[in-house]
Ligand SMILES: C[S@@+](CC[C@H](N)C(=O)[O-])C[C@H]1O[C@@H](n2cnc3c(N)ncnc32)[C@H](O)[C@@H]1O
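The chain that follows stands alone, in the form predicted on its own, written as structure tokens.
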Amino acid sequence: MDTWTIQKLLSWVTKYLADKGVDSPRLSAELLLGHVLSMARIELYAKFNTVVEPGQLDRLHELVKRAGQHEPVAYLAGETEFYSLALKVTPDCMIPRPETELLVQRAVEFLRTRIGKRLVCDLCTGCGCVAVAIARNHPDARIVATDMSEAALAVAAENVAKHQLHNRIDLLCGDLFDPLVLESDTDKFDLIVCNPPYVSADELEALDKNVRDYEPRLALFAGADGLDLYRRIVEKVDQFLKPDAVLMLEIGYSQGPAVRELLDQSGAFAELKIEKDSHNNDRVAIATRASI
């Protein structure tokens, strides 16, 4: 009978997933094995020669088989990494993408240019990845995060608790701005961020199987042209921004011109910028509100 150590299993699972065309096979192998053994990824390497028990092998085998059929590894493991943070994810929320880290990076950079406490709104928060990452990287940020999915907010609440941010992140259930109540101008936001659904009807059917068949359509689909949520955000956002405040939106790879036009037509912004990601795709729209 073969003896399976952590080192041997990592090599085998990585090759199996690579042969099946699974993205990031080594990381996926680490996440699955770490989940089965209740170990952090770094612990796997510290305990390379540990022999894995038969019951754990059986559980790992089942998860690896499902991953090879392109069921998302993050859902199988129940967590993923985003902006160097471990976050819980479930099929009730979209899995955070590395591309979204650019949105967080620009948000943190902007907040660091301001002095004192800053009020931030994170629309369509999902699992809370953007809100948690901003809060962890800017101690003076107080964040209100909204989502219309109660199930997704339950996951976000676990991530807020995991990173001990209960006193700095408020989670509200509702559609975009609906849960927000402004009693005075002081309740308005210095920064509003959003990674909304932006997949068009044509793109939805062309998505990879692991996205199309497993991730919630509510978090993906945004009408025939993928711009429905941007239109609704731009329509109301000016009411919730302080003077010189900023709106940052993640956008689809080719949506820069269309989103820029929507923002420009609103007349609310003095400066507009579309940033590209490391793959030279449109990724973040940054709009600075005009001073009053």
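Since this is a predicted model, take the numbers as computed values, not measurements. Throughout, we count residues from 1 along the sequence that is shown.
Below, we turn to the form predicted together with the named molecule, even though it does not appear here.
With the partner omitted here, the residue from 229, 63, 37, 27 that has a non-hydrogen atom within 4.5 angstroms of the named molecule in the predicted complex is 229. For the options 204, 108, 218, 119, the one in contact with the named molecule in the predicted complex, meaning a heavy atom within 4.5 Å, is 218.
Note that among 90-98, 162-170, 111-119, 134-142, the stretch whose heavy atoms approach the named molecule to within 4.5 Å in the predicted complex is 90-98. Not displayed here, the named molecule is kept clear of residue 156 by more than 4.5 Å at the level of heavy atoms in the predicted complex. At the 4.5 Å threshold, heavy atoms of residue 174 reach the named molecule in the predicted complex.
Although the partner is absent from this view, residue 195 contacts the named molecule in the predicted complex, with a non-hydrogen atom inside 4.5 angstroms.
Within this chain, residue 124 lines the site of the named molecule in the predicted complex, having a heavy atom no more than 4.5 Å away.
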